[in-house]
Structures are given as structure tokens and as C-alpha cells.
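So this first bit is one chain, no partners, the form predicted alone, shown in C-alpha cells.
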């Protein structure tokens, strides 16, 4: 559906996006994951035309978008990272206002409003001012208003930042329903556990793409073995010693009361760790991200 080639954007000396390329599969949830400063928000703003790219090409359904994503704006609903609805209007008034903005005909708007209020569990709060809603409810309201126009493409920029865990679960249940309806959904997030909910994942850091692949394939093709070590000495003292050795420090990191070890070759570096138990465990996306971020740190270009 969307293809991006060699996209770059700089703000002065800062390279927000550094020659990135990717292709978005239609009808799936694609998640762009990375910490603040990875370039996720800049990318989304370029896609919908809020920012101009420095260079690169954007294709929509095989056609190049020369006018800075005009075609994408026509088919997309965009939800920015900050709550952008009218705080002094009620839930229902926000629906009515944005229905007018999107040019939704009154019968359709009435039908969609009823459906969305029920789907999001907000029908009981229709008369409450948006400013008085919880963080999770605000995000559900913001998502609902962009769905009024029934967009083919939904772009959500860090939609669950600052939202409580239960609301995050409810939010992604709604996203899953939208995917099952055939929508194409793009989500950016700093949370690697949320990226596990995607079908296609793009891992980003510092304006570059570390890895992009179907989530299932990404996990199945991950070659390093991950071990969970139970330290037999003070865990922080152990790690303090490890970080002094540049040859092995990138292979270990703390997770709770354990040390995770990425075994990437024939030599077993776990012998440098005083431990009472070593168990091989399946990697989560967080572990995969750490591997690509650490092992390929400093390499030029995308790592795919």
C-alpha cells in the first residue's frame, strides 16, 4: 500500500530520518518501535504532509506521491501523539464537530457516532467534557473521531503514551477489531511489548531502521541464543565489572533479578558471570531490538 524509498529529513545538524526505506503491507498492523528521537513522529508527519521531506520518494498503491502525500491525506486518519481534541466540548460535541470537519453526512454521522460510542465503551460518558476524561478515554475518543470518516489507513503516533495498562489493553483490542475489518494501521510506540501486537515491525533508532520484518519471521530467523542467568553474587557488582570489558559488555544486560546473555558465536562468554543457573529462553522483541541496536551499533545504513 505504501512504499518509501531513501527518505531523509534533517533539522539543522540533526538527522531525524537518515535515508530510510520500507514498504507497508495492506490490511495489517505495522508498528514502528524505538525510543524518543528514533524519528517515528517525523516520519508520520511527512507521510501525511505536515512536514516536507528533504529527499526520498513516497509511493501510494504503486503511484509516486510528488505533492508531499496528498493522496495519503485523502485516505488516512491521523492521530497525533498529543491529545488534540477540544477539552471544553463534551464527548458527543467532539464527535459532532469532527463529523462536520470531515464532511460526514448527518445520517452517516449519527450511525457512526452510535457505533463508535458503544464499541469504545464511552456511551455512558457522552455528556462529559473531554478535558475531564482519563488518559485512556481521551485516546479512545481521539481514535473514534478519526474513524468517523471510515479511513482506509489509520496512522497513530504513540497512542498509549501515559495511558494506564488496562486502557492500553482496551485500546489495542479496538485496534485488532479495526484490522479485522481490513484497515491498514500504522502505529508508533516506544514500548517494545506493544510492538509484539503488530503483524509487521520496523525497529528504529536515531533516524535509521535497524530491522524490518514480519514479527513471526523476525523471531523465527533470530539466530542468537538467549540465556537467563541467575547471578550467584551481587548483580550490580557483576555488571560493573563487565562494562569495563569492551569485548563482552554488549552481550549482557540486567532484567529484573537476572542477567540476560545473548550468545552469538562459538565462545561461551557466560563463564565470565558468576551464576548458579543458566536457562535458555525464547527472545522477546525487546531482546531482539537490543541485539540489533548493540551488535550493529555504528554501522552505516539500514540493517535488514
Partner chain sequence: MSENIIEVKGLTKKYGDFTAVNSINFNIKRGEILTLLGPNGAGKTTTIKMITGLLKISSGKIFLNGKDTTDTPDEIKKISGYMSQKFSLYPLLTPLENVEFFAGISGLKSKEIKEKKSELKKIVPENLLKIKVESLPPGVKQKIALFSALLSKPDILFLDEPTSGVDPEVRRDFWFEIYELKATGKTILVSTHNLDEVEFSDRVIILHRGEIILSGEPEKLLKEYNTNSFEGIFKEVIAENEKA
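These numbers come from a predicted model, not from an experiment. Positions refer to the first chain, counted from 1.
There is another form of the same protein, the form predicted in complex with its partner chain; it is not shown, and what comes next is about it.
Considering its partner chain in the predicted complex, the lone stretch of 265 to 273, 52 to 60, 232 to 240, 22 to 30 in range is 232 to 240 [heavy atom distance within 4.5 Å]. Interface residue remark: residue 163 is counted as part of the site for its partner chain in the predicted complex, having a heavy atom within 4.5 Å. In the predicted complex, its partner chain lies farther than 4.5 Å from every heavy atom of residue 227. Contact check for residue 169: a non-hydrogen atom falls within 4.5 Å of its partner chain in the predicted complex.
Contact annotation: residue 151 falls outside 4.5 Å of its partner chain in the predicted complex, judged by heavy atom distances.
For the three marked residues, 79, 115 and 177, no heavy atom of any sits within 4.5 Å of its partner chain in the predicted complex.
Here is the short version: of 197, 138, 71, 119, the single residue with a heavy atom within 4.5 Å of its partner chain in the predicted complex is 197.
Counting a residue when any of its non-hydrogen atoms is within 4.5 Å of its partner chain in the predicted complex, the hits in 189 to 205 run 190, 191, 192, 193, 197, 205.
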